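The chain below stands alone and is given in structure tokens; this is the form predicted alone.
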């Protein structure tokens, strides 16, 4: 008999409400190995709330979130962190630390009690910082970093963590055009190499077109799930954003612009 692996991340009968508004009801979602998902919706649509719920940072009103078939609440926080990496849209650091020390925090879920980082862990951190172009900042304190540099450091820390499931809230925040493209390319390469999956909220339709293969559109009446080809149409996007959208065909692929 062929053994079928469960989805890396899935939901069962999930209901989420916020401020009296139902974001999703009795919802089923399944993210499988190698899949790249995007969440699209207007301001206040619930993108961050949904990601927080899937990460276990916010309780659902009903239903379950499962990591590789195991309900999230049955896993200890360390077990969750070994499988799931979460990029917060905005956060504040309570303690001063250097760039290297911060990147090394990604290894903490994989260390035993009272264990210190090994040379292998430090090598992983240095490699990740090099990939995000922060390798010259290793000993700089993080409070001396710009917004874009902090975002790149958060992404490097996730790379060091090496999760199977990546949940990213606005990963392109504070990044210039070069770093938006180069870092998303690298993240997708990591996901594919680790046979993982990635779900990210985005405001930029063209990043969704370029990097995602599946999408969740957050409409007021409930989420719509499908492939990029099914959902990235002028009609659906105009309904989602309540604004005219034009799709232009270019040599690099479709481009979406507001009319």
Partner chain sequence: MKPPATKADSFSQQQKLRATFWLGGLGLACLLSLILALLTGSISVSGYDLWQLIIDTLTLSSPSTSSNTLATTVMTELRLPRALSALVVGAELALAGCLMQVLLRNPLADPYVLGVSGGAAVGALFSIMSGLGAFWVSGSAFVGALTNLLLVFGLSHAKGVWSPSRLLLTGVVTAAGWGAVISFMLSIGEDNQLRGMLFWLMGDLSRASLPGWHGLFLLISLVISALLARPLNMMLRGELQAKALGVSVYPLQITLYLLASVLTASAVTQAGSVGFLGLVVPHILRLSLGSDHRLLLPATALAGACLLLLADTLARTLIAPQQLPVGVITAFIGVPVFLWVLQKSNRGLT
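Positions refer to the first chain, counted from 1. Values in this document were obtained by computation on a predicted structure and should not be read as measured data.
Although it is not shown, the form predicted in complex with the partner chain is what the next lines describe.
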For the chain seen here without its partner, which of 63 to 71, 228 to 236, 186 to 194, 50 to 58 has a heavy atom within 4.5 Å of the partner chain in the predicted bound form? 50 to 58
Honest question, do 202, 211 and 242 all end up within 4.5 Å of the partner chain in the predicted bound form by heavy atom distance? no
Looking at 175, 134, 159, 104, which has any heavy atom no more than 4.5 Å from the partner chain in the predicted bound form? 104
So in the predicted bound form, is the partner chain close enough to residue 109 to count as touching (4.5 Å, heavy atoms)? yes
Please check if residue 152 has a heavy atom lying within 4.5 Å of any heavy atom of the partner chain in the predicted bound form. no
Looking in the predicted bound form, any heavy atom of residue 77 within 4.5 Å of the partner chain? yes
Heavy atom of residue 139 within 4.5 Å of the partner chain in the predicted bound form: yes
If you look in the predicted bound form, which residues in 76 to 90 sit within 4.5 Å of the partner chain (heavy atoms)? 77, 78, 80, 81, 84, 86, 88
